[in-house]
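Before any questions on how it binds or moves, here is one chain, the form predicted alone, in structure tokens.
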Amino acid sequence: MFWQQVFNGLSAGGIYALIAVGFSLIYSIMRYINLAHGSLIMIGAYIGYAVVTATNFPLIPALLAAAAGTAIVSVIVERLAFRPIRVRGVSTLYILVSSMVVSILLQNLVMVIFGPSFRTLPQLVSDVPVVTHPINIARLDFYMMIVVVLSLVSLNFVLYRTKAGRAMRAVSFNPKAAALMGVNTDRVVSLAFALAGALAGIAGIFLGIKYSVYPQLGELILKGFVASVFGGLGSVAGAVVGGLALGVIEVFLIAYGSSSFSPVMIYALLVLILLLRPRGILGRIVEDKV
């Protein structure tokens, strides 16, 4: 029972990690929270639903379509809603408000197109478990873990083994110095939003399969935000650790406690972390110099 709950927690935590990594990726470069990230998760689920119902594609093509679609939407949102504010050099508070407005706009746009009702994705994965002893591993959870690991490994390769990744890390460290050294910061920001959007699309597909596809699906972004703060906001590695830890904690609270009590403990844990270690597990202290 114990190891079964550990696996279930890691499976759920992998999705939280994808959401948290998207949060941290944008924050590490732009230093603001993108509240529209939740709507991208919802859009990814709807893109997957539309593609599967129209073409009967299996899981992998549906994932690729959702990742590509949300990446494009994410870049469009950045260019239309965030970049005009950013280039003027005004307070990031205006970007925060803009992201909130974009989130509401996208959610209502989806409601106009698809309606407010819940929709169910066709069965993309067999119900037959991959392993039944000593723990039961559902085929969906198994595939989900593989896709999450491949996504995070691919992101790590982009960040630390490519020229674009070096540019992204340079901009996250010092945007002005990176621009003076010839880095196209606008292109780097677009790439960061594209990567975050692709991860949101993948998370949206799996959340749509596990639960349902509905306009308020993006509200699960709160758990990704908790995971990113827990691991260290702005740290990609911390987001992964925070997501996995949050998944395990949540599953154990539900299994050995109560499903209604679990959210209370999780948000109480967030408050405790903010009080005792505001930078999270792997976050770094940033000092402002005058």
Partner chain sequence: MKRKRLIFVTLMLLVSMLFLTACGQTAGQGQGGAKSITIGELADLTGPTAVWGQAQDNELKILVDKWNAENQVKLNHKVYDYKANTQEAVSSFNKLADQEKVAVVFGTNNSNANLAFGPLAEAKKVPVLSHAIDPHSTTPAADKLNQYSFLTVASNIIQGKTMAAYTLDKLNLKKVGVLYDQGNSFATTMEQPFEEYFTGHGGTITAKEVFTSNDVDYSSQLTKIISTNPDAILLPNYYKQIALAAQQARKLGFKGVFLGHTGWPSQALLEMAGKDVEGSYFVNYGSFEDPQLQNLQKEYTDKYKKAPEINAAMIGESFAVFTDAVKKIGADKLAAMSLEQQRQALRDAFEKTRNVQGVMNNITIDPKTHRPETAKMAIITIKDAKFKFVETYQVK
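Positions refer to the first chain, counted from 1. Predicted model, so just to flag it, every value in this text is computed and none were measured.
Keep in mind that the form predicted in complex with its partner chain is missing from the display, and what follows is about it.
Only one segment in the set 145 to 153, 196 to 204, 68 to 76, 215 to 223 has residues whose heavy atoms sit within 4.5 Å of its partner chain in the predicted bound form; it is 215 to 223. Not displayed here, its partner chain is kept clear of residue 60 by more than 4.5 Å at the level of heavy atoms in the predicted bound form. A residue is said to contact a partner when one of its heavy atoms sits within 4.5 Å of a partner heavy atom; residue 55 fails this definition for its partner chain in the predicted bound form, lying far away. Looking at residue 114, you'd find every heavy atom of it more than 4.5 angstroms from its partner chain in the predicted bound form. At the 4.5 Å threshold, heavy atoms of residue 241 stay clear of its partner chain in the predicted bound form, well away from it.
Contact with its partner chain in the predicted bound form, judged by any heavy atom within 4.5 Å, is made by just one of 245, 254, 50, 33: 254. In sequence order, 112, 116, 118, 120, 123, 127 are the residues of 110 to 127 having a heavy atom within 4.5 Å of its partner chain in the predicted bound form; the partner itself is omitted from this view.
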